[in-house]
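For reference, the chain that follows is the form predicted on its own, supplied as structure tokens.
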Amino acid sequence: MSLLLEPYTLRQLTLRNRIVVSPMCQYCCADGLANDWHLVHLGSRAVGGAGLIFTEAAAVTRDGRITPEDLGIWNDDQIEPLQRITRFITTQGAVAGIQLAHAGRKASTWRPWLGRQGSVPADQGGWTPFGPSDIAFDAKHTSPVPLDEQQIQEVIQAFVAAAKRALTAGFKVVEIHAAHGYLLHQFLSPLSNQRQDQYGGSFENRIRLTLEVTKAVREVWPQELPLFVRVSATDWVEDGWDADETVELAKRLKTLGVDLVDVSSGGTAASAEIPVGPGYQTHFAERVKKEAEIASGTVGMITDPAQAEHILRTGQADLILLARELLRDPYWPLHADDDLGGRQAVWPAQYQRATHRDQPIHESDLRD
């Protein structure tokens, strides 16, 4: 039996396998509203056999969007379009998850395929971003306005309100985004956080906002449903956020009722040199799992079913998150089952006649 294709349970929720669609920004919303693209994009991965399907990062405030075209969950009008998606995902036997996010100083940027870098000007739909300190991501980004303590409390409440909307929209897993150089990660990292108040300076102060957001969301998220937090294990820069701090943060998150830490890396320093390669982040997930004694997920350059199976069997992580590979092949989980010699995954009935080459041809096939 393949561990990759076995069911996995967190609290009272069971995933049909350990394959997760990682949040992947699509940059195609108007006013934060999900649309037909999201239904097809996310729905096809549910048809393709993944166990848990995450939306892209959903902004908890309008000014927390990465681009003007980001998905949002800051008002009630955004609930119904998301309900349409979660209903379909559920009918396909998968679980719908949503990542709650605030871009902080990396907000108000251009969609990547436009070939333009840096901040969008106000006269072209941009806005002034917020952050922990008055430090821009790089020379092409606008310097953020530092959040005062009242605004920090408003951000916390925005995450809470977003979690409530996510539940109404039909999501069964919420992930708090504290990675990739966005707002919560900006508070964690000394590279972007040079505050002198209770939210800056020491490790305890820098992790305060992430812990406060997590605690507040856990209080409104049902006890029977799991809560994830995504972290960047390292900034890949000397004197930045590092793996030791990540393990210590994971220990605190566990005490607050977090069920799994989704371990990625990077995103705070534009100049970071990241040694990208197959499984290059997996050892960080292994440290979190073993040293913090909490379930972990791993992501990044995982492309082969045997590679994913090895990660699980050697205890490096509990869930495998895939991004680009699932863009290339939405049916990767079903193909993985074939590759690993199992019979644990089932193709949709509508597709089964095309998956068994030894089956006789019926009249209906000739009408295709």
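One rule holds for the numbers: they count along the sequence shown, beginning at 1. None of the values given here were measured: they were computed from a predicted structure.
One more form of this protein exists, namely the form predicted in complex with a small molecule; it is left out here, but the text below deals with it.
J.: Heavy atoms, 4.5 Å, the small molecule in the predicted complex: which of 331-339, 308-316, 44-52, 23-31 makes the cut? Say which one.
T.: The contacting stretch here is 23-31.
J.: Could you check which residue among 106, 185, 102, 230 gets a heavy atom within 4.5 Å of the small molecule in the predicted complex?
T.: Partner contact (heavy atom, 4.5 Å) among the options: 230.
J.: Can you work out which of 172, 180, 206, 165 has a heavy atom no more than 4.5 Å from the small molecule in the predicted complex?
T.: Flagged contact: 180.
J.: Within a 4.5 Å heavy atom cut-off, is residue 343 in contact with the small molecule in the predicted complex?
T.: Judged by the heavy-atom cut-off of 4.5 Å, residue 343 is well away from the small molecule in the predicted complex.
J.: Check residue 39 for me: does it contact the small molecule in the predicted complex (non-hydrogen atoms, 4.5 angstroms)?
T.: It does not: once the small molecule is placed as it appears in the predicted complex, residue 39 has no heavy atom within 4.5 Å of it.
J.: Looking at the partner-bound form in the predicted complex, is residue 300 within 4.5 Å of the small molecule by any heavy atom?
T.: Residue 300: contacts the small molecule in the predicted complex.
J.: Check residue 264 for me: does it contact the small molecule in the predicted complex (non-hydrogen atoms, 4.5 angstroms)?
T.: Flag for residue 264 set to yes.
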